[in-house]
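To begin, one chain is listed below as structure tokens, in the form predicted on its own.
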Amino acid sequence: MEAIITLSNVSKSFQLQQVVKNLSLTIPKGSLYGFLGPNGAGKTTTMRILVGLIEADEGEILFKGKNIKKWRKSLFNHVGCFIDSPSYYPNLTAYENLAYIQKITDKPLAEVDRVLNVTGIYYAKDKKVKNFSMGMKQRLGLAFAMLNDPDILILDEPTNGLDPEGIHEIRNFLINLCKNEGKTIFVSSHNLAEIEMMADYIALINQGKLIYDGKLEDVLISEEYIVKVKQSEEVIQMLTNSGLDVTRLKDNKFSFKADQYKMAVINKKMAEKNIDVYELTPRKRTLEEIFLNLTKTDNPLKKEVGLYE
């Protein structure tokens, strides 16, 4: 796993309040990385530090192995960002807003039409931004981030204000950028279902501290299986004799916990006994369930999934 962004022991305080506390993250190259946490957890502050809008009090940030302080003049040749609510010139059109940035940075104007197309607002290129809906402004913010085809996108709540169709389009757009164009995308969101559908990796922070940093699939895995068989009493007895705790459910179903190797042995035994198996499925936790549990103080789930104290 090649890291494209690394944060090491980053801290930030405002007056007497420490907002980010000794935070370390590793964002793999080419990943779609979800950044999660409740309101006030320090997400936006971390993202501002990432792109050099504010300086950390302590710690180090590396982009492609190079300290961010050495990237200051050329950082935005490689990084596109959308943090907080982007600022626009309300009396200018979408095209004029984007063209202004291109002119002052001496970049090609052809990029303006490209990003308006890919973000789905080309049809409104000549409309003044003051007349844009919230969703259209979000798309324009993405267009700003996409100017000049950066390797890395850092996006703070990019689907905020979008309707379900718009959220679906942006999700597919980001997945395509990551999977087919090799972009690295670091995205924060309160829409946990959206992150679950698109992210490879996640970090979850609470009160400025890291709770989890790693593969999304690893934190969702649960060693609990749900089974429905014709000879339920026979199988329950077999599992109980094997030392497993079985929980009876509705409709002739029951559940138990076992790792995948033990599950393979159990499945083989049921086949040998000619058990009619109607259902055998692992129970997968949702990201919402994980999020709500992990942000509770002293939750035992932290130890279950090997999360940070």
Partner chain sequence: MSSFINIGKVEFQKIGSFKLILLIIISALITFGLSLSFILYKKEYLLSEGLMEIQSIISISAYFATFTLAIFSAINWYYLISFENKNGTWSILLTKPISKFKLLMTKHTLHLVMYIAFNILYTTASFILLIIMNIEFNISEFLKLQFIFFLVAITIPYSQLLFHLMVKNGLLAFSLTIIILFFFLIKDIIPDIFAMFIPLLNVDNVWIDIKNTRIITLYCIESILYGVIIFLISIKNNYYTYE
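Positions refer to the first chain, counted from 1. All values derive from a computational prediction rather than experimental measurement.
Beyond what is shown, the protein has a form predicted in complex with the partner chain; the following relates to that form.
Colleague: In the model of the complex, which of 158 to 166, 216 to 224, 84 to 92, 185 to 193 comes within 4.5 Å of the partner chain (heavy atoms)?
Modeller: Every other range fails; the passing one is 84 to 92.
Colleague: Although the partner isn't part of this model, could you tell me whether residue 12 comes within 4.5 Å of the partner chain in the model of the complex, counting any heavy atom of the residue?
Modeller: Answer yes; at least one heavy atom of residue 12 falls within 4.5 Å of the partner chain in the model of the complex.
Colleague: Is the gap between residue 181 and the partner chain in the model of the complex 4.5 Å or less for some heavy atom pair?
Modeller: Although the partner chain is absent here, residue 181 would stay clear of it in the model of the complex, with no heavy atoms inside 4.5 Å.
Colleague: Heavy atoms within 4.5 Å of the partner chain in the model of the complex: does residue 175 have any?
Modeller: Result no; residue 175 lies far from the partner chain in the model of the complex.
Colleague: I'd like to check something about residue 147: if you look in the model of the complex, is any of its heavy atoms closer than or equal to 4.5 Å to a heavy atom of the partner chain?
Modeller: Looking in the model of the complex, residue contacts with the partner chain include residue 147, since a heavy atom lies within 4.5 Å.
Colleague: Counting any non-hydrogen atom inside 4.5 Å, which residue from 53, 280, 265, 249 sits next to the partner chain in the model of the complex?
Modeller: That would be 53.
Colleague: Give me the residue from 117, 105, 133, 231 that has a heavy atom within 4.5 Å of the partner chain in the model of the complex.
Modeller: Flagged contact: 105.
Colleague: For 174 to 195: residues with a non-hydrogen atom within 4.5 angstroms of the partner chain in the model of the complex?
Modeller: If the 4.5 Å heavy-atom criterion is applied to the partner chain in the model of the complex, 174 to 195 yields nothing.
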